[in-house]
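In the block that follows, a single chain appears as structure tokens, in the form predicted alone.
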Amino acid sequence: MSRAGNVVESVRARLADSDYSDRSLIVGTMLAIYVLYLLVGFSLGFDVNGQVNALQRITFLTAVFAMAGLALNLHWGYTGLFNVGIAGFMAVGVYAMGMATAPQNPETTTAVPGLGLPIPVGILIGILAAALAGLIVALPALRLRADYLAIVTLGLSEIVRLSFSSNTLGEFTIAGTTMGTGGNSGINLVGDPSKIVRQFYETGFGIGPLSDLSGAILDSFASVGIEQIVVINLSYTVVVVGILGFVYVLVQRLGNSPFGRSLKAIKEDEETTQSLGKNTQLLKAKSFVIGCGLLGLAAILWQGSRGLTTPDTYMIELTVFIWVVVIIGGAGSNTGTVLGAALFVSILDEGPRFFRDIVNATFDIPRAPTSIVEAVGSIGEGDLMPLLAYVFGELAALQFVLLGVVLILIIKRRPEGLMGHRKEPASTLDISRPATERGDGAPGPPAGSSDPEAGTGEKEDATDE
């Protein structure tokens, strides 16, 4: 075979590899989003820092929502657990991290004291706290059917949010240690994970070679006009994307392990799985705990970089957003979840805001009308600007309208989502194909037969004899 033929065969083999094709889909989708945003931005004269900030924010939010979506995929896509308390578990992780890392003697009187632990320890405590909350819920709630489980988890989420906003937990003392949630004012997240990246660029952790490396990186970006704060945010986003890659591989391996196949079997038919000797309650509890821990991690990486979190962040809307990510991508598909997060962030979340910036940079938008009637009435006069001004003024509400329209179209046109057609069965063997094609040596239908049970009768008869 010629060298060109070898290259073609190598490309075909790579494309046939599901892992390679999944990576290609994710990378290709993100590149397409970047190119679209860059073309529009540069055509309107946006500066380099603005463009890098826009791409960094899209990437960061995509990684965070994808991480939370993978956790939900472990619950719903693999195990069939209808978890509607996502926001509550995320809140537990963030607040636990915040209280663990807050200084014991804060500099300001308005700040709530905490345990004063290092940032990595605080992150670990936050993850474990979210997992523990999942365990507490899992013990009684997983005996319920899907709709009742949804009600219980939704109620728990609201209980957590209202508890964190109460004055009782705003500041309290346990065993001589004072800490608290800050009530409605929220809690300052001193244990900001991005501070580790910031410290690398500012001091190099006090290590000479690292200081030289950080300086060289800043100088290279400064040569093209990118500011230091933009470089720090971009570097933190790279770290979050790396953690997303780890979570993706973890969930993927869990799904392909005997544990994961048992979870899929539970979703397909729990009674049959239980009759085969599997402790389905224990398996569901493990799945729920792992997923809640991952939700806590995603929330910590997301809210931690903001420096402050409030109870209003964990409204039911946050749970809806995570579900939308999984619905767009397809339940049970980890690759689809990442793609769903990318499309959700770039089109439904950041897309309208980016469009508003484009219009504001292109046109002189007047003051928004006070009512939709006034805005629509201006169309008859041939003036569209009042309507645009009204739309931008009500952008947050109209985003929910757009979200609802997209959900209706997905459920109607493609209810399985983008990648939901790639359903992963509980069995590792495809008995619908001949054993010679599978290469596993297990009995199966002969080549050319369309009947999955064809060709097995003779062997069974011989065994009976």
Partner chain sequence: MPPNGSYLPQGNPQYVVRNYYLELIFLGILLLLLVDLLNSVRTGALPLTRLLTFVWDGIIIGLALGLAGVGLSMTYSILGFANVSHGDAMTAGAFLGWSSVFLLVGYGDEAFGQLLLLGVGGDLFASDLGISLFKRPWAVLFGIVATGALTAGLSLLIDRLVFKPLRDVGSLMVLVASVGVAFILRYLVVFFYKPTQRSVAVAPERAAIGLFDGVPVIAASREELVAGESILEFPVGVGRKTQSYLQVTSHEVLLIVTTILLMVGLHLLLQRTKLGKSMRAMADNEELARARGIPTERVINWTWIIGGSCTGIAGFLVVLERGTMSFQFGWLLLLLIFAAVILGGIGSIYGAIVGGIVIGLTTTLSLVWLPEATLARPVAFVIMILVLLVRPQGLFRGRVVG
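As the structure is a prediction and not an experimental result, all values here were calculated from the model. We call the rigid core whatever largest set of C-alpha positions still superposes within 1.5 Å between the two forms. Numbering follows the first chain given and starts at 1.
Missing here is the form predicted together with the partner chain; even so, the following discussion is about that form.
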request  = Check, residue by residue, if Asp147, Thr280 and Ile408 all come within 4.5 Å of the partner chain in the predicted bound form, counting heavy atoms only.
outcome  = yes
remark   = In contact with the partner chain in the predicted bound form (heavy atoms, 4.5 Å), from 333 to 341, 311 to 319, 215 to 223, 91 to 99, is stretch 311 to 319
ask   = Would Gln228 show up as a contact with the partner chain in the predicted bound form if we use heavy atoms at 4.5 Å?
value = no
query = With a 4.5 Å heavy atom cut-off, would you call Val35 a contact of the partner chain in the predicted bound form?
reply = no
ask   = Closest heavy atom of Glu270 to the partner chain in the predicted bound form, within 4.5 Å or not?
value = yes
Contact test in the predicted bound form: Leu403 vs the partner chain, heavy atoms, 4.5 Å = yes
request  = Find the only residue in Tyr236, Tyr201, Phe354, Tyr390 having a heavy atom within 4.5 Å of the partner chain in the predicted bound form.
outcome  = Tyr390
The unique member of Val112, Ala129, Leu154, Leu117 whose heavy atoms fall within 4.5 Å of the partner chain in the predicted bound form = Leu154
query = Mind listing which residues of 212 to 250 have a heavy atom within 4.5 Å of the partner chain in the predicted bound form?
reply = none
ask   = Is Ile411 one of the residues whose C-alpha moves 2 Å or more between this form and the one not shown after the core fit?
value = yes
